[in-house]
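One chain comes next, on its own, written as structure tokens: the form predicted alone.
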């Protein structure tokens, strides 16, 4: 066990005029996830600490936050990988609600704007809808997105323009546009073919670095641009 010092950004809208940092010390093993340390703080040191979490296994994406300056999942980030002095802040570029909790309304508005669901109006077959393995490989990576918002929070284009669709929503659009079984390709391409769509991406690669699932988001957006050029 070793002592880990946490500096956590705190903000209570009921009493604070602006965010501030508070320090806590936790004893933890090197393999301990940061999320477990936050639980220790909340359960045994300060019950008012607010943060989102659910599955604890890098599936739900709810514990995304800024840890030592990088967007990460707290459940996936081990103490040994970030050191004995850990700074925890909420995701940047979203309105702050309380402590480590941000308002994701804008994020989900962009997500729903691209029709993030499978569309096929032909009669369902007796078994599954057949897809060749090479076609499935085109969307496998994109389908693993857990909507944690880490990529969007890290995107300078999103920081600068509230109306930008954002990398996460564009990745979801890619997932369905390149699904050979889906029948709404034209509709989705029309939805994203604006100055606030893929053309707003400047290929900075922040989204790739922030993604906890190691998805090549920048490549997916580039493929969307090529698809739009073919219209």
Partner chain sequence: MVSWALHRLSGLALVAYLCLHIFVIHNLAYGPERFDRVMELLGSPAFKLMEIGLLGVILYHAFNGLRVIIIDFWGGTKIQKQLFWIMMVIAAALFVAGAAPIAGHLLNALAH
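Numbering follows the first chain given and starts at 1. Remember, it's a predicted structure, so these values are computed and weren't measured experimentally.
Although not depicted, the form predicted together with the partner chain is the subject of the following passage.
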{"item": "Non-hydrogen atom within 4.5 angstroms of the partner chain in the predicted complex for each of 135, 181 and 187", "value": "no"}
{"item": "Among 166 to 174, 198 to 206, 32 to 40, 49 to 57, the region lying within 4.5 Å of the partner chain in the predicted complex by heavy atom distance", "value": "198 to 206"}
{"item": "Contact flag, residue 16 vs the partner chain in the predicted complex, heavy atom cut 4.5 Å", "value": "no"}
{"item": "is_contact(residue 23, the partner chain) in the predicted complex, heavy atom dist at most 4.5 Å", "value": "no"}
{"item": "The partner chain contact at residue 231 in the predicted complex, heavy atom, 4.5 Å", "value": "yes"}
{"item": "Residue 1 within 4.5 Å of the partner chain in the predicted complex, heavy atoms", "value": "no"}
{"item": "Residues within 4.5 Å of the partner chain in the predicted complex, restricted to 118 to 152 and counted by heavy atom", "value": "141"}
